[in-house]
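Just the one chain here, the form predicted on its own, laid out as structure tokens.
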């Protein structure tokens, strides 16, 4: 990978003033992404525009396809050919990708899908930000499965979490979603490039034969096409060798339970949250992504006014931070949940706490203001 190091050295330690979408592209490059398959869509197009210029410098490949279905299909194929592959989309494009995301889950294909959320359903407000894809990221494809999705709240996190997404995809051999939004994607702010020696890169384990590419251990090693081996890759129920067996209940249960458990049993290793001002807090403002920024501002105003209010942010959206939310519910009397939808995460929180959960929704393409959230805090404190 000398071509990566030689090219990336010129960015080491430098400070940039860039868009969140551009930070996603740089993060992918630092993660050693070498294939991007995509179709332009607002507000994710800047990811594709920049990475199209970056990848040729490291002998990588950028391909614009006829639609999002072809894009995610090519990403999966590139991963099986040994590539570190990704795509970026939004709203309707994310919907079109769902069947192949399920295929990536079933075939245990490491890849990264960036969803820069916009207002919907359907075309909605194509240029406006939203957080309406939270449940779609978890349940958009059919069947029993787990998923990993991370949500950045700053331009710097767009870069940092992209590297985490690629590493998680390789560790757990699964598609990983960067669930950002149009506000963060089009936000321009300071971002510092790391030193190459400080960037952790995970390499996927390679199988020596095709006997246990889909079983034998919780997270089996992966074969790659073009390396001399033979493997059958199918979205149908299959044995540990990859060969189809769509009739046996035992084969299906063993396969799907293992795919589910490789994320579920590692939940606490994957989950990341941020907490601030929780000492003596009796009310918690819980948020993520763009909504977390005014949420923190409102909490800090409340603290200055001697109100016992704390801040809790999801960095990992999926798998859900069940343990941490349960503990939070035991500490506080009320949880406020500002989000740019009509209460998707607030309903998930309600499953794990006994305290009052108050949704603070806002749709229409405009982020909450600090004043709006602070007004809700005053109603309960």
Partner chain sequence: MKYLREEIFPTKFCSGCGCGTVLNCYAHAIDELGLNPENIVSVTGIGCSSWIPSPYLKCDTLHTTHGRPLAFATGVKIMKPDMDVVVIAGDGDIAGIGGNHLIHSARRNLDISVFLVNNYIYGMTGGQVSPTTPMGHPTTTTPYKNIEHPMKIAELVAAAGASYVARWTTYNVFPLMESMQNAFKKKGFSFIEILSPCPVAHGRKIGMREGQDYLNMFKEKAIKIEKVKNLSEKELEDRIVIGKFVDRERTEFTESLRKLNQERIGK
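Residue numbers count along the first chain shown, from 1. Small disclaimer: the values here were computed from a predicted structure and weren't measured.
In what follows, reference is made to the form predicted in complex with the partner chain, a form of this protein that is not presented.
Q: So in the predicted complex, does residue 225 come within 4.5 Å of the partner chain, heavy atom to heavy atom?
A: Yes, residue 225 is a contact residue.
Q: Classify residue 233 as contacting or not contacting the partner chain in the predicted complex by the rule of any non-hydrogen atom within 4.5 angstroms, answering yes or no.
A: Residue 233: yes, in contact with the partner chain in the predicted complex.
Q: If we define contact as a non-hydrogen atom of the residue within 4.5 angstroms of the partner, is residue 129 a contact of the partner chain in the predicted complex?
A: The answer is no: residue 129 has no heavy atom within 4.5 Å of the partner chain.
Q: Taking any heavy atom pair closer than or equal to 4.5 Å as contact, tell me whether residue 148 reaches the partner chain in the predicted complex.
A: Output for residue 148 is no: heavy atoms all beyond 4.5 Å of the partner chain.
Q: Just give me the single entry in 272, 282, 244, 211 that has a non-hydrogen atom within 4.5 angstroms of the partner chain in the predicted complex.
A: Contact check passes for 244.
Q: Taking 4.5 Å between heavy atoms as the contact cutoff, choose which of 92, 77, 140, 294 touches the partner chain in the predicted complex.
A: If I apply the 4.5 Å criterion carefully, the residue I get is 77.
Q: 353, 359 and 381 - do all three of these have some heavy atom no more than 4.5 Å from the partner chain in the predicted complex?
A: No.
Q: Pick the stretch from 330-338, 65-73, 42-50, 22-30 whose residues have a heavy atom within 4.5 Å of the partner chain in the predicted complex.
A: Within 4.5 Å of the partner lies stretch 65-73.
Q: Going through 97-119 from first to last, which residues have a non-hydrogen atom within 4.5 Å of the partner chain in the predicted complex?
A: Contacts from 97-119: 99, 100, 103.
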